[in-house]
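Starting off, we have a lone chain in the form predicted on its own, written out as structure tokens.
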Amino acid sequence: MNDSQSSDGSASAREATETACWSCDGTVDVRALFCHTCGKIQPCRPTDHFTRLGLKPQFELDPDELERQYIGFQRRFHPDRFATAPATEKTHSLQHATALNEAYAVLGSSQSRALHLLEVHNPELKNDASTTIDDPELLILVMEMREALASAETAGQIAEVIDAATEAIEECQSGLTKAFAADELDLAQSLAARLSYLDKISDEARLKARSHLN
């Protein structure tokens, strides 16, 4: 490789990681939230939810850490901090705040977090948890839970369905942690779909429990 090729390659690498500040036109790392030169807030650029909240891209997540990271970033970008700023900065802060809210919501749910992590690992992977899956064991489990819930007449009977769903969900979450750690994406995708079904059963059971109290 000659000097000109090496130079072109370096330039391409810089172009991929650097951009110009909208305010002072200085060079800014594309990952920077504020300009290194003038300190102005930068546009909200596309990235995965883990990166946006400064978290490792993994399924197992500490809820307290998620909360801390979310609150910390929101304090920096809350629109109230830019109430007297020019329109461009107000727009950027609102975009950041909105993106942070979305990231927090997605990562706060184990089912949506699993789907998002699948997308992070392989953007081309079909991550539709609503897709019917060929899992006879799951279909039988869901059918039995639905039948038990439909026939449940007392708070205790409803609680039994909730407990069964909770146990199955926890087992599924444990499986997802192991599958992602081993980079077994096909298994993780199957478990994510399984978790979606179980979450629905759990939600239906908890709704019936609340209705039973009223």
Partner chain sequence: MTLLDIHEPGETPVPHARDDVAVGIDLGTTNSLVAYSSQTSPEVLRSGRDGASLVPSVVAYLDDARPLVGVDARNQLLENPDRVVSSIKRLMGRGAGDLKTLAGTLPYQIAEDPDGGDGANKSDRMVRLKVAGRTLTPVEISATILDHLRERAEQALGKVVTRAVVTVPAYFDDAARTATRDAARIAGLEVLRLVNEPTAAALAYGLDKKAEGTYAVYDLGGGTFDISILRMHMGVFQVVATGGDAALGGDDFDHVIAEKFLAERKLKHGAESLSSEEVKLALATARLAKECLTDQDSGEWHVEVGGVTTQHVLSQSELEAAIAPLVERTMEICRATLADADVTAKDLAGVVLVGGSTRVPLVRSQVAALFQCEPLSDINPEEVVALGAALQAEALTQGSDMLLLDVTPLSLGIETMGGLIEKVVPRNTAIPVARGQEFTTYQDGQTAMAIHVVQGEREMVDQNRSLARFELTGIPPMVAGAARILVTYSVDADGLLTVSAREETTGTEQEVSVKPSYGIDEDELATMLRDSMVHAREDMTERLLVEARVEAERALLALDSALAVDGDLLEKKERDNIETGVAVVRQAMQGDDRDPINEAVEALDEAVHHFAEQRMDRGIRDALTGVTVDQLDENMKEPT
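Owing to the predicted nature of the structure, the values given are computational and were not obtained by experimental measurement. Positions refer to the first chain, counted from 1.
There is also a form predicted together with its partner chain; it is not shown, and the following applies to it.
Taking the partner from elsewhere, no residue among 47, 50 and 64 has a non-hydrogen atom within 4.5 angstroms of its partner chain in the predicted bound form. Using a 4.5 Å cutoff between non-hydrogen atoms, residue 141 does not count as a contact of its partner chain in the predicted bound form. Its partner chain is not drawn, but in the predicted bound form it has no heavy atom within 4.5 Å of residue 87. Among residues of the shown chain, residue 137 is not one whose heavy atoms approach its partner chain to within 4.5 Å in the predicted bound form. Not displayed here, its partner chain is kept clear of residue 118 by more than 4.5 Å at the level of heavy atoms in the predicted bound form.
Contacts to its partner chain in the predicted bound form (heavy atom within 4.5 Å) from stretch 81-96: 81, 83, 84, 94.
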